[in-house]
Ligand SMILES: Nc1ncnc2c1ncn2[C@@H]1O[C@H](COP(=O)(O)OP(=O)(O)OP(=O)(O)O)[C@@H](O)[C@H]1O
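Heads up, the chain below is alone and in the form predicted alone; it's given as structure tokens.
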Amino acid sequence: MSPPLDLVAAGRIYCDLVFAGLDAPPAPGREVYAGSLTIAGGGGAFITAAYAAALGLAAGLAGILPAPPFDAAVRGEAAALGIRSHCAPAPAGSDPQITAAIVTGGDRAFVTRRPGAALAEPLALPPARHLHVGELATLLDHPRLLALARAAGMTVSLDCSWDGAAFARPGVAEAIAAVDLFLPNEGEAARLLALGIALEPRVATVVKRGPAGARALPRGAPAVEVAAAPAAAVDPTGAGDAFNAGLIAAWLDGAPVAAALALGVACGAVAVARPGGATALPCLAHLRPPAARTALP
């Protein structure tokens, strides 16, 4: 039996087709050409697991693979990155779960086919210290995931991932309140607050602010902010998920809030300087500071 994981990331798994270096912005009725195309494993859960593994954590992935032929690319990349797969195959006849990411002007747009459930039933999780849920919709669709994690003694983090339909569903505030760390970006946090949804997880909300850095809002403690790390921007795809991995790794190490944010933004800087989400990541263990014992409250 394999030893327990430090982190298992659960959520939708995509094959990303990342088009970068466009000669002009896409427009109706006009063909544009990309300078590069990267085919890579994608989705918040995959990218967070990849960066966690690169940081030296024992990282696993739970979800449903894209349908063939895209499943082979995702399986191969996960193995190369050192991610332990706990993934199910796509149901027969499924459309492939893929995302076309179009990088232009320092930002990106996505077109995604999301054909079915995020996780296979009956739900199961490998032994781990921590569960990271890659998108709010996954937790809303599979609420028993949280009970399974708590019964196994796991702490839990939740990314948001912009989803207007999910924001309007019942139970969003309750789902956020039940996790330890909630990790939206600035736009997602603003939208949830505008809808009257409280951002009050058990330990802290951490807001990712892109070039402005990140802000932690711990329960019962003052806010903490850090600036973004310098980076030569190539492709922002997956930067928020890379941030998640750094923050969680430092938190599991027992690092103080500022150090956890700093490792998050350092991983985000690595991500924006690379094409695609997590392709051919180098070892990033040198980014982890020595463990400190003053953790997030």
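Bear in mind that the values here come from a model prediction, so they are computed numbers and not experimental data. Start at 1 and count along the sequence shown; that's the residue number.
Missing here is the form predicted in complex with the ligand; even so, the following discussion is about that form.
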item: All of Arg202, Ala204 and Pro218 within 4.5 Å of the ligand in the predicted bound form, heavy atom check; value: no
item: Answer range among 22-30, 249-257, 58-66, 264-272 for contact with the ligand, defined in the predicted bound form as heavy atoms within 4.5 Å; value: 264-272
item: Non-hydrogen atom contact Phe243 with the ligand in the predicted bound form at 4.5 angstroms; value: yes
item: Touches the ligand in the predicted bound form: Ala128 (any heavy atom, 4.5 Å); value: no
item: Contact label in the predicted bound form: Ala40 to the ligand, heavy atom within 4.5 Å; value: no
item: 4.5 Å heavy atom contact, Arg209 and the ligand in the predicted bound form; value: yes
item: Residues in 207-234 close to the ligand in the predicted bound form, defined by a heavy atom within 4.5 Å, in order; value: Lys208, Arg209, Gly210, Pro211, Gly213, Ala214, Ala228, Ala229, Ala231, Ala233
